[in-house]
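Only one chain is included here, represented as structure tokens and corresponding to the form predicted on its own.
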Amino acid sequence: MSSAADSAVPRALVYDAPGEPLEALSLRELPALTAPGPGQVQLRYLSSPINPSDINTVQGKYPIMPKLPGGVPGHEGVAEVTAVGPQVTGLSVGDWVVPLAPAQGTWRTAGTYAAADWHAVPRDIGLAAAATIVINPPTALAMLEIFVALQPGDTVAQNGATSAVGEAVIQIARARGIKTINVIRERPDMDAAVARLKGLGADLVTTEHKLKEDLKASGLPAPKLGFNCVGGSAAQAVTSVLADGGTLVTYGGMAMQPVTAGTAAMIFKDISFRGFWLTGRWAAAQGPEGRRKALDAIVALYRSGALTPPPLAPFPLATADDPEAWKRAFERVAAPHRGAKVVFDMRGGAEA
């Protein structure tokens, strides 16, 4: 366990102007940490993911970003409390904590923060769950709850089903007796991908081009709710199978293509199109206590076994042999069908 006397100089990935991560970021030493003041905690990071919103932040395409120059990206991660300042209640040295507020700058080894912006999570859920608990599982949970009043036996359809959000949707829906129709891209390891999603509780796994045929053969009812994180034709495919009066919720745009729909879907089926933004509109509506409750609900799902964390691909920020090891993480992020959540491992690259 670290202490306030930890002499290691903190380091972080920093950028001064928006750009592509490999060009804009550099690994820099930060000022030495001092004792936390009133209402503050000192943290040592354990693991911090690379999410699409993080990359968009560095590119200057995300509405929430750190102050530049000298900004540290990272909206998510898990850290250990190493020191507690006066007037802090509810957090103690040794606690694992995750951010309640975005843009905390989690791509660093250590830092000092307002205690009110952090929430304790139990160690027994494991490092992989704790590191990835803030963005993807709450997105899945909220989207399943706030748009359509789903009942056991209902179905939802989604593209991007192998994403971390997609896998969380499958598992949370299964726990609630809701069926899932999951669209994925063709890939070399197609059988393995299908088997993984089936193992998580997916009822139907198919491709964009076989969706209608496979859905008809499955006997599942038309979905009332659809989730889109891809855009383009993948969004149109999900829209095409929605039930009359169904709703398509867009929460991402991996294909960088607009969401389009056939005129008939809107006129004859009265399909609704909604958007979901966890760290902005949802977080503001929930307030700190609502966000804490959502995280506690996710913890309960992990502890019950209803939810399992995604596999991680950990990368250190730097090693003695590779001072730019962090760049390998972005190379992995850019790889197609990477099969794991890429994270910075601040413990030195140990197995997560």
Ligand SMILES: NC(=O)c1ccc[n+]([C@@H]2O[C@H](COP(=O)([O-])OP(=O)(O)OC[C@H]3O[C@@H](n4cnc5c(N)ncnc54)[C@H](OP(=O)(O)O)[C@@H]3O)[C@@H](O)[C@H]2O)c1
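The numbering used is simple: start at 1 and walk along the sequence shown. Because the structure is predicted, anything quoted here is derived from the model rather than measured.
The protein also exists as the form predicted in complex with the named molecule; that form is not presented, and the subsequent description refers to it.
- None of 139, 182, 104, 239 but one reaches within 4.5 angstroms of the named molecule in the predicted bound form through a heavy atom, and that residue is 139.
- Of the residues 109, 112, 163, 171, just one reaches the named molecule in the predicted bound form with a heavy atom at 4.5 Å or closer; this is 163.
- You can rule out all but one of 173 to 181, 93 to 101, 154 to 162, 123 to 131: in the predicted bound form, only 154 to 162 has residues with a heavy atom within 4.5 Å of the named molecule.
- Under a 4.5 angstroms non-hydrogen atom cutoff, the named molecule in the predicted bound form has residue 51 among its neighbouring residues.
- The closest non-hydrogen atom of residue 118 lies beyond 4.5 Å of the named molecule in the predicted bound form.
- Among residues of the shown chain, residue 225 is not one whose heavy atoms approach the named molecule to within 4.5 Å in the predicted bound form.
- Within this chain, residue 204 is remote from the site of the named molecule in the predicted bound form, having no heavy atom within 4.5 Å.
- Proximity of 187, 230 and 254 to the named molecule in the predicted bound form is complete: all three residues have a non-hydrogen atom within 4.5 angstroms.
- Residues of 321 to 346 lying near the named molecule in the predicted bound form, listed in sequence order, are 336, 337, 338, 341, the criterion being any heavy atom within 4.5 Å.
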